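The chain below stands alone and is given as structure tokens, in the form predicted on its own.
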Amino acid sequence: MTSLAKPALSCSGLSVRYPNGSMPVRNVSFSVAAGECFALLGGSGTGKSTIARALLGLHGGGSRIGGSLQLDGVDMAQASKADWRRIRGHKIGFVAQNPWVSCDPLRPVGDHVAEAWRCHGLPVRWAEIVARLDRLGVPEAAVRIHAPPHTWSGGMLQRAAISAATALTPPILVADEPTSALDADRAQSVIQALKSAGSAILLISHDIDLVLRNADRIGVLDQGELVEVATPSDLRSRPRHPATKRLLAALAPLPPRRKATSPSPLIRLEAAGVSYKRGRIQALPATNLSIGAGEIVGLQGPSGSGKSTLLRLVMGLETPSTGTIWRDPILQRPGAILPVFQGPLASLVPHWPIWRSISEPLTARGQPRLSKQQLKARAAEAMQSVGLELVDPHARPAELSLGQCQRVAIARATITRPALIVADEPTSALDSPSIQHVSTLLRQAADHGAALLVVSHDQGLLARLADRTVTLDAKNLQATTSGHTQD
């Protein structure tokens, strides 16, 4: 694309003021032309998702938008809710970073995709829905669209969200972490699918490598301001602003870790598999896996291969259809197995202050009884350990960014020093400095004797973090060594 291309999206002096007077976005200006991919990078809480909500008219009735917001030649800065409802889907599409939250758990996934047509009074094109999901790599799409969301993996559900967002081929597409639940190959193919539609794409992502490969231009946000705009090559070779330099510097590898050569097994799966619909849908093939105390085991594989199902088996949230699971008796005590879920916001009680969510494992049966003040003090220590010491412990999850919520989930999972931590994409919502910080925290938990099973589509993360990595495919589990461990 060229600089002479007409902007499909243009912001000039964009600001957002919340009802409490705070301004998470200040004087931001950029434009995106038809066929261009403009990416926004920045740490958690720097205003990326706030800009996305403003561009979609989802900033909330009490918030005020300042500046100019041109969508396909029309200024929408002061548009009414009815105006926004008319253009969403037609003029501007949206791919959210958490597909689970946008799905009704009682309705089949196909209904959520079909809503793209229904909400504008258009007839649903079921054959096109299946064809779109097939092109995006959803296996057995014609059968799966009739299944509820909990039977889909996070990656497959994200592809359904992408299908819905692009159903009416809007000229502008806002994609907020659209590939956070996808493996590297699938993430690249999804971005290519989005770009092939010819829309102007605003891509928000923490995946710096993905952005550098696919964006035409990149903007860096810091404390609500756009501090740098550059091409990928210039950003990589000549970063100017300190915020940009911090993002790039955080990609450095972790130092090697020493561990026991033969850790005692805590859990062992023998030919354990899961299927639904009376065996018609195989969620997890027969799998053998052993995890030892103090060991970090990475788990990778294509979206839909059964990674999340395997985690639920390990946590005891799912019963195997075939095979057996052996657990060390230590795992029977309350709080011995703690999770870090893929969707951190959905895993937190929305009306609880975050100190209560963090300290909740301390109230489990068998734990020493603590007073409210003691629980708050322990929560404050845990918040400091994950870099949230400046966040109000009485804040609700909705007041935090998704990356901050993920760090709350990490603090909750490590506060009791459990025997086994099961982490499903623990860094998918985090910026690169936070990824490095969380990786260090997970390592520290293993150093204190906890076993970790970590699912991630980030192969670089697993190579840096895990003592060994196993790959799940459609047939079996294959183990490979990550190669960085010193014995």
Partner chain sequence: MGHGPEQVISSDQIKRRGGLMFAALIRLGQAALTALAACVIVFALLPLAPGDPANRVLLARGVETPTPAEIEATRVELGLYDPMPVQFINWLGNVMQGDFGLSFTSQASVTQEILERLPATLILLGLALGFSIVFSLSFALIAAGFRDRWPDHLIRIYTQIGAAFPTFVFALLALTFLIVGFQMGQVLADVTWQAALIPAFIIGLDRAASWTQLLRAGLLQAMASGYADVARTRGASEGRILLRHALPNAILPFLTAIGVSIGALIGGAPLIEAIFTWPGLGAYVLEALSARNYPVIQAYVLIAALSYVAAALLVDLAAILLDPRLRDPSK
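Positions refer to the first chain, counted from 1. Only a predicted model underlies this, so the values are computations on that prediction, with no experimental measurement involved.
From this point on, the text means the form predicted in complex with its partner chain, which you will not see here.
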- Message: Which residue, H112, R356, R312, R378, is the contact with its partner chain in the predicted complex, using a 4.5 Å heavy atom cutoff?
- Response: H112
- Item | Contact residue in the predicted complex, chosen from D75, D104, E389, D134 - any heavy atom within 4.5 Å of its partner chain | D104
- Within 4.5 Å of its partner chain in the predicted complex, heavy atom basis, the matching stretch of 292 to 300, 365 to 373, 158 to 166, 222 to 230 is 158 to 166
- Answer with yes or no whether L317 is in contact with its partner chain in the predicted complex, where contact means some heavy atom within 4.5 Å. no
- Query: Is G343 one of the residues lying within 4.5 Å of its partner chain in the predicted complex, judged by heavy atom distances?
  - Reply: no
- L58: touches its partner chain in the predicted complex, heavy atom cutoff 4.5 angstroms: yes
- Message: Even though the partner isn't displayed, in the predicted complex is H437 close enough to its partner chain, meaning a heavy atom within 4.5 Å?
- Response: no
- Heavy atom within 4.5 Å of its partner chain in the predicted complex - qualifying residues of 69 to 105: R85, R88, G89, I92, F94, A96, V101, S102, C103, D104, P105
